[in-house]
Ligand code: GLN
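Listed next as structure tokens is one chain, alone, in the form predicted on its own.
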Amino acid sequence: MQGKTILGHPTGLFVLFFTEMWERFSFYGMRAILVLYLTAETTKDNPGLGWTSKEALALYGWYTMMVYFMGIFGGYIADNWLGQKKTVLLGGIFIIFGQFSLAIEGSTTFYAGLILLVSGVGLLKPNISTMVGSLYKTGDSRRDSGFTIFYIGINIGAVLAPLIVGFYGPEVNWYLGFSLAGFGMILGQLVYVFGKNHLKGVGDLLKHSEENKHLLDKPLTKIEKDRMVVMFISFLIVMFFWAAYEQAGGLMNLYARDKIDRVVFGWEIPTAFFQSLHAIYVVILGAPMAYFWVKWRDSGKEASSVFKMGVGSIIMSLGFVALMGAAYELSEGALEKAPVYWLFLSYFLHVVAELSLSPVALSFITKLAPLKYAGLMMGTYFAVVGLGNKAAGLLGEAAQDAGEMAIFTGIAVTSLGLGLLVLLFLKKLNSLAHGAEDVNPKVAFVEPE
């Protein structure tokens, strides 16, 4: 008998959808105002810390790297001690305390808040994604679209956060902004706790499952080792992608503030509002792109995860070509600030690239990773995302000396080269996956009673 579903997907997907939506509200609210808070003048009515742009970008890079790097430990804790379900709950609690710690003035509470946030996201982020994969059996064709739906949830939170936190933080009070992000995480925890009945048997500690105990001591097979190779290559693609993408919170944030004409129809768009553009585009384009890839696959064309990652890298390069256009117009000297349409175009292309790569990569990891290492491998994936974030910070720092045009050009060329390289070796990479993405039309989800 077919279990309960919503839009053809397990109900548990939507419990995780709303939990992650509010966690991302918390994260992107913090992300939208952190650099702005650090660099704001100390003499204003709503004083910041008065750091230089270079100092702020350095901390931003370390913070975003460690947030994701802690996923390795979060995955290990889930695999060996708590299971994904309990680890996600613990991570949410850490995030709540972290946000409210930032809302208390003082350097001690500021750094304590950052540490709590890093720990909380490290516990929650990889394990909630692993739980999404656990909702689908091997061969279920709905897994990729399920991750896209989950990804839309992430980005609804990312849309709301810069609009709400990004307004109240800079315009009213920074500490109120941090508090609002904390209240968002409280809502996420409530959804998770009250929706636990739809997650029975999902995210439990593997060691406690009698039928799975034998997996923990069994060595990896040749197929599993080959799949691990593909997985680690995909990690490299992901790292380079996020090094480019995460310019949004650092270099592109400052570029929008200082060098983009943000006045539209007589209204100046607040800088932090641009942090919502990515997420708005994801919410609008997520379902159409998922539909496109399903139709593309059904027509018999190449639609493997590795292929999509290569395409995503190439499209990312085009987004930075748009930013090169903005930098070129400024270099000509005819304009004091570049037209805002370059920024809108760049963000649009970045999101098309993101939807071709990021939710696909999340789904791909759950297909390739050996069951006993599921949490650890997802944690490693997010650690790689963290390395990309740190690289993004370093590139942002370099732009303070080398100039934006040099950085935008370098990222565009590197992303294009990486994408072409992936497509060149596509056949070999797909063979190493050993049919991990093969679809079994007989597989159906049955929700536990």
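Quick note: we count residues from 1 along the sequence shown, nothing fancier. These figures come from a predicted structure and were not determined experimentally.
The form predicted together with this ligand exists for this protein as well; it is not shown, and the discussion that follows is about that form.
Item to check | Among the candidates R143, K125, H350, K308, the residue which, in the predicted bound form, approaches this ligand to within 4.5 Å (heavy atoms) | outcome: None of the other options qualify; the answer is K125.
Checklist entry - Since exactly one of F178, F320, Y151, Y255 fits, which has a heavy atom within 4.5 Å of this ligand in the predicted bound form? => result So the residue touching this ligand in the predicted bound form, by this definition, is Y151.
Checklist entry - Counting only heavy atoms and a 4.5 Å cut-off, does this ligand in the predicted bound form sit next to every one of F235, K367 and A436? => result Checked in the predicted bound form: no contact with this ligand for any of the three.
Item to check | Location of this ligand contact in the predicted bound form, chosen stretch of 41-49, 413-421, 378-386, 399-407 [non-hydrogen atom, 4.5 Å] | outcome: After filtering at 4.5 Å, what remains is 378-386.
Checklist entry - Is F147 a contact residue for this ligand in the predicted bound form, using a 4.5 Å heavy atom cut-off? => result Outside the cut-off, so no.
Checklist entry - Going by a heavy atom distance of 4.5 Å, is D79 a contact of this ligand in the predicted bound form? => result Close contact is absent here: in the predicted bound form, D79 is far from this ligand, nothing within 4.5 Å, heavy atoms only.
Checklist entry - Does any heavy atom of Y60 come within 4.5 Å of a heavy atom of this ligand in the predicted bound form? => result Because no heavy atom of Y60 falls inside 4.5 Å of this ligand in the predicted bound form, the answer is no.
Next on the checklist: With a cut-off of 4.5 Å between heavy atoms, is F274 one of the residues that contacts this ligand in the predicted bound form?
Outcome noted: F274 lies outside the contact set for this ligand.
Checklist entry - Which residues in 13-36 have a heavy atom within 4.5 Å of this ligand in the predicted bound form? => result Contacts from 13-36: R24, Y28.
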